[in-house]
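Next comes just one chain, in structure tokens: the form predicted on its own.
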């Protein structure tokens, strides 16, 4: 999933008054969520709220990342690996927040009966994500399902389209049994089944309200929390779902979650210091202070996190349509100095897309992009990398960068801005006659700008993104993010590229076939070569660093470290919080 922010609209509105005695979590989302719709969301902010409002067939164990029961109590996989059958519990219901009653209530059907969450809701949700009319940017994740690719890429006005949708390999066998048929065996499908795009969706609410079904007055959900309010670009409030079966609750004690949408990391941190937030990110300029402070250092957590910070290149826009320019720009980023002097969060310099916890990764292997690694990690070191970068740029027709103009864009964030300014300075030092311009956009607009549908003249040369695992397999990384046929492919790689087309075609083949093999050694070897092609030959991206998660939390908050926050597992000592 796309990482929304580096750290966290100073339009902090008046949140709903809490009921006396309730345990309240105060949290910053960092931006306005682009959506709360499971079918169309792609970023970490949207996924965080969806994670709490909608249950999946399975969840992922926080340590092993293996599928564990959620809506499904058990599942079976056929001997050939092509058929996955999930048997669902029958005691989960759809709910909504009723402002008249001031509480979460069951959603009732036309006969006044509570609506259960059924296999039909799962089938509908999966097919709605795949339906091209939904325009889901994440539908490609489901292409392993039989017929999903054909349906998603079809013309929805074609007379053949209904038959294509009917042929998609997901079917409710009865009210509480849903079956998936796959295109090829895929051991990671159990983890795909945990994803938001595969979750049940309320057809009746969507039919009744269209795109507005996710607004608080219309939304119907089934997860640990229901939406109470959403003041756009300001705040959201979520209320615990009292109808959730006890065994699906995570063991926490938080009744309401009050979320603000503060973009500026410095403002977020100030609110934390003022006890207005229970947890927060740490702004880059504050890292040294927090580490040295006797109180804040005890509230600080830094831990490995399965995400990668990277810059992408638009490979069809001059001058980044030249692979030599792309490679020179990537080489001229001093990753270790950036970590030591700017981010200061114990990150590791990245020479590949996927980090070290992902199956099939080649992270820190100096056979790939050795110019991205310092000498102590087996790489070239920055001095040699800059010399080679200058030679490449000269070969591309831009000696010392003369005549080169590059637009680098990132979404609004103080952290992103500091990183961009540092890299701009590195590039300006390496190529002193070039012009490097930094532009910023609000997150929702930014996602549209860097999408494949945007005209090339409206796009930057270089864009910033972070990618966090949906599941820990390279299929979710090099294939689903960059495969030019089946993946998202923001850099617009093409086998017709006159410079690197043969590498793009091979990358396409490798990432497609590796996901359909069962032998782990074969898969790992193919993913190694795919990473090398992506970073070293095609140079579609400049990986910058492998993330750590960095946050502070008040002494009264105990938050368990999931890759996506699970508020229902967090606890607050209300008496200690009241003392401030």
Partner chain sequence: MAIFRRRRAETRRAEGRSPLQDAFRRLLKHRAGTVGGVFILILILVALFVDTTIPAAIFGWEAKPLIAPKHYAQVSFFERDLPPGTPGYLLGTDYLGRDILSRTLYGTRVSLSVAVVAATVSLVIGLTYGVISGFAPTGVDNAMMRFVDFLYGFPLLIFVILLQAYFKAVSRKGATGLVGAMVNIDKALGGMFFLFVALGVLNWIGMARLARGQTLSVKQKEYIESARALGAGNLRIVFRHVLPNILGPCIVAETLAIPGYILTEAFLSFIGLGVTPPTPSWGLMISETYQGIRTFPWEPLIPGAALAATTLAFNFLGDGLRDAFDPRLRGT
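Positions refer to the first chain, counted from 1. We call the rigid core whatever largest set of C-alpha positions still superposes within 1.5 Å between the two forms. Only a predicted model underlies this, so the values are computations on that prediction, with no experimental measurement involved.
Note that the form predicted together with the partner chain isn't included here; everything after this is about it.
Proximity of residue 179 to the partner chain in the predicted complex: non-hydrogen atoms within 4.5 Å are absent; the residue sits far from the partner.
Residue contact with the partner chain in the predicted complex: residue 405 places a heavy atom within 4.5 Å of it. Put simply, residue 414 is close to the partner chain in the predicted complex: some heavy atom of it is within 4.5 Å. Using a 4.5 angstroms threshold between heavy atoms, residue 174 stays clear of the partner chain in the predicted complex. Look at 470 to 478, 351 to 359, 435 to 443, 192 to 200: in the predicted complex, residues with non-hydrogen atoms within 4.5 angstroms of the partner chain sit in 435 to 443.
Contact with the partner chain in the predicted complex, judged by any heavy atom within 4.5 Å, is made by just one of 275, 341, 387, 346: 341. A single residue from the set 322, 299, 264, 183 has any heavy atom within 4.5 angstroms of the partner chain in the predicted complex; that residue is 264. Applying a 4.5 Å heavy atom cutoff to the partner chain in the predicted complex picks out 317, 337 from 316 to 339, in order along the sequence. Core-aligned CA deviation for residue 432 between this form and the one not shown: 2 Å or greater. The Cα shift for residue 336 between this form and the one not shown, taken after rigid core superposition, is 2 angstroms or larger.
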